[in-house]
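Before any questions on binding or motion, here is one chain by itself as C-alpha cells, the form predicted on its own.
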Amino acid sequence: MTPAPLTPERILEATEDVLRRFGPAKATVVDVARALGVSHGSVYRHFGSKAALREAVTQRWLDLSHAELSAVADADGPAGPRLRSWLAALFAAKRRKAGDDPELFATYMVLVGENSATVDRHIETMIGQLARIVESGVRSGEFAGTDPAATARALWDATNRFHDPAYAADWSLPGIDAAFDAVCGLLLRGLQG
C-alpha cells in the first residue's frame, strides 16, 4: 500500500497528535516526522521552522470557528436573533474545545500565547463578523444608529467571559448559562436603544 502524500494538512494533524501526547514543551519536529514516517527535513519543506509549524497549528485551531460563525453572521433574518445565535455558537464552540479535549486545549493556550499576531487576526475576524450583524441591524432600524465597528468591539469585550479561554474554568459552573442569557439580553436591549 502506497503511503498518502505528505501534505500540510497531514502534518498539522500529526502535529496536533504529537502536541496532545507530549505537550508543547516537549513536542519536537522530529516527533512529528516520526509520527508521519518521514524525515524532519520533509516536514521543514512544508513549514520552514518549528515556530511556523506551531503558528499554523494555532491558526488552524482558531479557524475552525470562523466558517460556522460567518454563516450565522451572514444569514437572513433579524439582526437581534442572529447576534444572540452568533454569541451562543461562539460560546458553545469554545466550551466544546475546552471540554472535549482538555489536553489539547491546554496545549493551544500555550501556543496562543506564543502567536499573538495570529490571535489578533482571529479576534479581528470575529469582530468583523459582529460588525456585519450590527450594521444590518442599524440598516433595518432594529438597532439604534451606531458605529458598527466600535459597537462590535464593545460586544466582543462585554462577552469576554464566554469566549476568552482565560475563563474556561467558569464555562462549566452552575449558573453560567443564566449569566450568558442575562448578558445577551442586556446587550440586545442596549442596541435597540
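Quick note: we count residues from 1 along the sequence shown, nothing fancier. Just so it is clear, the structure is predicted and the values come from calculations on it, not from any experiment.
Not on display, but discussed next: the form predicted together with another copy of the chain.
Peer 1: So, in the predicted bound form, is Pro8 in contact with another copy of the chain at a 4.5 angstroms heavy atom limit?
Peer 2: Looking in the predicted bound form, residue contacts with another copy of the chain do not include Pro8, since no heavy atom lies within 4.5 Å.
Peer 1: Using the partner position in the predicted bound form, report whether His46 sits within 4.5 Å of another copy of the chain, counting heavy atoms only.
Peer 2: Outside the cut-off, so no.
Peer 1: Residue-level question: is Asp164 within 4.5 Å of another copy of the chain in the predicted bound form, judged on heavy atoms?
Peer 2: Answer yes; at least one heavy atom of Asp164 falls within 4.5 Å of another copy of the chain in the predicted bound form.
Peer 1: Can Arg139 be called a contact residue for another copy of the chain in the predicted bound form at 4.5 Å between heavy atoms?
Peer 2: No.
Peer 1: Which among 23 to 31, 146 to 154, 52 to 60, 66 to 74 is in contact with another copy of the chain in the predicted bound form, heavy atoms within 4.5 angstroms?
Peer 2: Result for this chain: 146 to 154.
Peer 1: Out of 175 to 192, which residues reach within 4.5 Å of another copy of the chain in the predicted bound form, heavy atoms considered?
Peer 2: In sequence order, Ala179, Ala182, Val183, Leu186, Leu187, Arg189, Gly190, Leu191 come within 4.5 Å of the partner.
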